[in-house]
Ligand SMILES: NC(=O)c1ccc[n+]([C@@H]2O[C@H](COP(=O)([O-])OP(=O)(O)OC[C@H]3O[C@@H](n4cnc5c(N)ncnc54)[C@H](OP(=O)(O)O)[C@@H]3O)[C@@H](O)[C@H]2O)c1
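Shown below, as structure tokens, is a lone chain in the form predicted on its own; questions about how it binds or moves come after it.
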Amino acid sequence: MRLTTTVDWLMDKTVVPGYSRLGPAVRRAWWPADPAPDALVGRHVVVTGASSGLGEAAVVGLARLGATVHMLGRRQDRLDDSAARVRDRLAAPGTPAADLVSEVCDVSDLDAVRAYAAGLADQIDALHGLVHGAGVLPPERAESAQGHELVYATHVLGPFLLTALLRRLLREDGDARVVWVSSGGMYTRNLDASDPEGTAREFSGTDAYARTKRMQVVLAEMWAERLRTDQIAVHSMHPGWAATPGLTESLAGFAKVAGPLLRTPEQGADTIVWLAAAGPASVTGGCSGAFWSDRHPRSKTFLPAVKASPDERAKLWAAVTEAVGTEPY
């Protein structure tokens, strides 16, 4: 145990072994057991950003375990194509078809989020999982339908509002999970709650991405504190370096150089599925609010100076609740 802990720590801190496809290949020897094959039968899970990449791979894993998966994306045609690929992946003689519901919802649009949440509450009585997987990395500054910076709206405001609006459905499940799909890039930024939309700096897509991924980790921790009494576990995670359309389109140079080391989307999504489906003792006992990779909680900072202060955390919560129009919990 001591040896594996040391090896795991070294892989994480040296980045390349832990973030590349070597990570799951090696860690599989000691990481927690897979969820039961029927772990999610009869449960509903919402996945945003489900049209491709990590989101689609998460849908495959969740549907394989029996979940009814609500696939959210911005375009119906892309959702339909993704659902068809998922069904093809899971098709096997004598097995039930994947139970998929594809629904258009641009999570950067707060009005669309409100409409979707209201509609879902009319369809189901309880929600087991909510996976915040939608992501953007635009080359130039853009704004959401409500005038918020697009990366901030997609990674922070929309997911925050969706979590708040679906709280009742999650509580009804009795063992619900909320998973924020963050990024190891968040380690490069500290929390900047004084300028969450980045208006005081020249826009950089990679900077906005890393800053908002840091915000996701902080907000997941704060949601965990507030939802614990509702039996809702909240986690953030990073998938490592996975070969997804988002990576190859937004960071083409890095994807080309790191190509042989990139994980498959399924390897990147493994921890998402595990957090949503593993037994309660595996992921909820004292670990709600943790930041995960390869089925293990990871440090949220590499340097003490990056740790968010209580004042900065409170400032972020207040800024987000004001922007989305919800009362602080």
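In this text, residue numbers run from 1 along the sequence as written. For clarity, every value in this text was computed on a predicted model and none was experimentally measured.
Beyond what is shown, the protein has a form predicted together with the named molecule; the following relates to that form.
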Location of the named molecule contact in the model of the complex, chosen stretch of 115 to 123, 102 to 110, 225 to 233, 191 to 199 [non-hydrogen atom, 4.5 Å] | 102 to 110
Exactly one of Ala98, Leu165, Val136, Ala83 has a non-hydrogen atom within 4.5 Å of the named molecule in the model of the complex; which residue is it?
-> Val136
Does every residue of Gly129, Met215 and Ala290 put a non-hydrogen atom within 4.5 angstroms of the named molecule in the model of the complex?
-> no
Does the 4.5 Å heavy atom contact test between Gly174 and the named molecule in the model of the complex come out positive?
-> no
How about Ser52: is it within 4.5 Å of the named molecule in the model of the complex, going by heavy atoms?
-> yes
Tell me, yes or no, whether Gly246 is in contact with the named molecule in the model of the complex, where a contact means a heavy atom of each within 4.5 Å.
-> yes
Considering only heavy atoms, tell me if Phe160 and the named molecule come within 4.5 Å of each other in the model of the complex.
-> no
Who in 226 to 246 is close to the named molecule in the model of the complex, meaning a heavy atom within 4.5 Å?
-> Pro239, Gly240, Trp241, Ala242, Thr244, Pro245, Gly246
